[in-house]
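Given next, in structure tokens, is a single chain: the form predicted alone.
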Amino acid sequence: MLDKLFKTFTLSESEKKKFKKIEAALDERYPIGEDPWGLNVNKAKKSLQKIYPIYKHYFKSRVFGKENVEDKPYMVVANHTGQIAIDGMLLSTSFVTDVYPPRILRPMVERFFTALPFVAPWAAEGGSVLGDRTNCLKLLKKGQSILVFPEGVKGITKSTSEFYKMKPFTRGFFRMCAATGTEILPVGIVGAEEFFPYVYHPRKIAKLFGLPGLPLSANYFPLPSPVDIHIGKPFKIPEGLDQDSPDKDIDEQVFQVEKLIKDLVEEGLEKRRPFWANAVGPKK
């Protein structure tokens, strides 16, 4: 199914010219070959050429707040939506193709994800990394930009009645930023919940089988809901905080970041496009 979808959308001539500039910028920014975590820029560029038409023409993704992004490393923090991590793929694509200068985000993924056949190696070639403290600190110190979803798996295992109701954030991402002085870039994603608009999670049954979620959905292939990505202004770590600060002090800051993202989501919901406004088909 995905192969057919990839073949339906191809790069236009203007997009091919755009990609040449993007690829040249990536070659200059990143070393050739794999890094210690598996990022392979050449393979990432090939994958991007397949993903971009889906990003642009199937989900008709738009990015707001590009002017808030400077040429420096960030901890990109977003709400997690959509049952499967398509939101992460779209957000990562936006930072390569719609944000200047282009950069490859390093998504922090759950341990179970790293064991998935085919998907995990492909994602690692594109930049994903096991989301532990050591990896995160090393990448930040190397000037890489990290992508995290502090809601975790709970963010994407929501029934329809819980759509756009964010789960409490964990505090680990903030401690990493406090340890390195990295600014946080809040992002609100709107449109991904509608990929699977009618979903129910029988949590007791999922727990019985040791699963993070067990979605019962009206569809099991993502619908072409239009996606809007809203990038907020950077959040600087207050002076006096470090990675060993008391939980109560960290929690206060995490709440502020969570509030910034909630505001971006609420603003995006007010301005979002109707689902059926997203006509599917290759660009003429």
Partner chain sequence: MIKLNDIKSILIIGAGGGLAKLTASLIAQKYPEISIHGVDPRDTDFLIRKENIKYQRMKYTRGNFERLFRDNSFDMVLHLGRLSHSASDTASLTKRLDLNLMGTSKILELSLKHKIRKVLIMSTYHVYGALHDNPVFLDEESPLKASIKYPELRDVVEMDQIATNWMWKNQNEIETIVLRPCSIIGPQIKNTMSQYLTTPYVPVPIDFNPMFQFIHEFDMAKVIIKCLDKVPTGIYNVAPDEIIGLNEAKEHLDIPFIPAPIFLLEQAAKIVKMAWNFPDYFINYIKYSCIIDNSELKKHIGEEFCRFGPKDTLELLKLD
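These numbers come from a predicted model, not from an experiment. Residue numbers count along the first chain shown, from 1.
This protein has a second form, the form predicted together with the partner chain, left out of what is shown; the following refers to that one.
K.L.:
Name the residue from 84, 130, 153, 137 that puts a heavy atom within 4.5 Å of the partner chain in the predicted bound form.
P.N.:
Looking at the other structure, the residue within range turns out to be 130.
K.L.:
Taking the partner chain in the predicted bound form as the reference, which of 242, 251, 27, 35 has a non-hydrogen atom within 4.5 Å?
P.N.:
Of the candidates 242, 251, 27, 35, 35 is the one lying within 4.5 Å of the partner chain in the predicted bound form.
K.L.:
Where, among 217-225, 53-61, 27-35, 252-260, do residues come within 4.5 Å of the partner chain in the predicted bound form by heavy atom distance?
P.N.:
Comparing against the partner chain in the predicted bound form, the contact stretch is 27-35.
K.L.:
Please run the contact check for residue 197 against the partner chain in the predicted bound form: heavy atoms, 4.5 angstroms, yes or no?
P.N.:
Result no; residue 197 lies far from the partner chain in the predicted bound form.
K.L.:
At 4.5 Å between heavy atoms, is residue 205 in contact with the partner chain in the predicted bound form?
P.N.:
Output for residue 205 is no: heavy atoms all beyond 4.5 Å of the partner chain.
K.L.:
Using a 4.5 angstroms cut-off on non-hydrogen atoms, would residue 111 count as touching the partner chain in the predicted bound form?
P.N.:
Residue-level check for residue 111: yes, a contact with the partner chain.
K.L.:
Taking the partner chain as it sits in the predicted bound form, is residue 168 near enough to touch it, meaning that at least one heavy atom pair lies within 4.5 angstroms?
P.N.:
No.
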